[in-house]
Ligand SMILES: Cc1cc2nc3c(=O)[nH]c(=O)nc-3n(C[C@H](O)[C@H](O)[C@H](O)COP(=O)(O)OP(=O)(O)OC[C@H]3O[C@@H](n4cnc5c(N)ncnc54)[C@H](O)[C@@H]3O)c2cc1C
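Just one chain follows, in the form predicted on its own, and it is written as structure tokens.
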């Protein structure tokens, strides 16, 4: 199998040295400390972190992120970046570029049940469900909604400013072979590239994972997710929310204003048949369906910018490393996106691996030794697995119309809203300010 990595005509020579290496300058041009296959958000963040630890890094990817057009409408793929992810991006020199482009901070987050059970219960406060506020944890915001293309672009700009990173493109990757001391990538029309460690950051269908003979479990959910970028009237929102229904959540994520217009990303979970029907509707018909099914707190939708559908598939690698290959991000795990933890978990992988592979900010003599990779796996795999389990429990508990469960959900969400300490703890875990206690993951 041949993988084609072709960034742009800007790099006609196929190899770009982003800056001169800070160490190991005696290595030949086709030998590196670490190779990263896939320079998306997670892979490029990892390159930045490892370069800052003075590793000589080579990265491969299919294409560069597109240039930023400040007048363009928001892209359909967005992520809710946690405070911990924002700090990592700032530490790696990328956050400044995101702020120079655009982002939408959110200061409140709400979750509630679509319809309360028909029981003689007292009214619990002035709103349904649980409302989280950045004031609960004394921060100016809870996170930011950022277009994936912009996070990707910002990280590539950060890579260009760091020494020791080489990008090879276009590159046709043909095979990966291992010896006791090295990993070697075979390329078309280029000498083989040798490294002490190869990192698979090449997504859910990772070829590195396949080459390393790492198996994985996979489970597809019944529902799919439809993502709709909309323009809306009124004022820009600073809240993201999810309403739980028997067919899955209805979510609202505010996006940055562009040229004085307000935008948002709507995420609509439903059965594959219903998503088929919604995808085929014209603009006015789809807006009508949004108004019919979304709650009254949704701002007035005035236009549809873009729409897309995504299957919901949970995957988890049975091990995170083999020989001299290690996996990060979606190559290691994919998760139900209902809590917006996907790329944040990938960034947590990055921070953990960089910390393990550096000693007081200096590179290890051999980053591919099994003892280091085993330490990374023992730290990240249980945490990621428990987050996947938690999302499964949340998904199955809320995506049904069972009356006793509806009662428990209603009471639970409203009771949680009345427990300030519990809300504060949840927010600190969700934003990455604090790590959950280790006993939760045993």
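Numbering follows the first chain given and starts at 1. Being a predicted model, the structure only gives us computed values, none of them experimental.
Omitted from view is the form predicted in complex with the named molecule, to which the following refers.
Trainee: Under a 4.5 angstroms heavy atom criterion, identify the one residue in 166, 245, 344, 86 near the named molecule in the predicted complex.
Mentor: Residue within 4.5 Å of the partner: 344.
Trainee: Among 114, 107, 77, 293, which has any heavy atom within 4.5 Å of the named molecule in the predicted complex?
Mentor: That would be 77.
Trainee: Which one, 381-389, 66-74, 50-58, 36-44, holds residues whose non-hydrogen atoms are within 4.5 Å of the named molecule in the predicted complex?
Mentor: Of the options given, it is 36-44.
Trainee: Residue 221: heavy atom within 4.5 Å of the named molecule in the predicted complex?
Mentor: Although the named molecule is absent here, residue 221 would stay clear of it in the predicted complex, with no heavy atoms inside 4.5 Å.
Trainee: Does the 4.5 Å heavy atom contact test between residue 173 and the named molecule in the predicted complex come out positive?
Mentor: Output for residue 173 is yes: heavy atoms within 4.5 Å of the named molecule.
Trainee: Although the named molecule is absent from this view, report whether residue 97 comes within 4.5 Å of it in the predicted complex, heavy atoms only.
Mentor: Taking the distances in the predicted complex, the answer for residue 97 is no, it never comes within 4.5 Å of the named molecule.
Trainee: Would residue 304 show up as a contact with the named molecule in the predicted complex if we use heavy atoms at 4.5 Å?
Mentor: No, residue 304 is distant from the partner.
Trainee: Looking at the named molecule in the predicted complex, do all three of 184, 319 and 368 come within 4.5 Å of it through at least one heavy atom?
Mentor: Judged in the predicted complex, none of 184, 319 and 368 sits within 4.5 Å of the named molecule.
Trainee: Within 4.5 Å of the named molecule in the predicted complex, which residues of 304-329 have a heavy atom? Give them in sequence order, or say none.
Mentor: Result: 310, 329.
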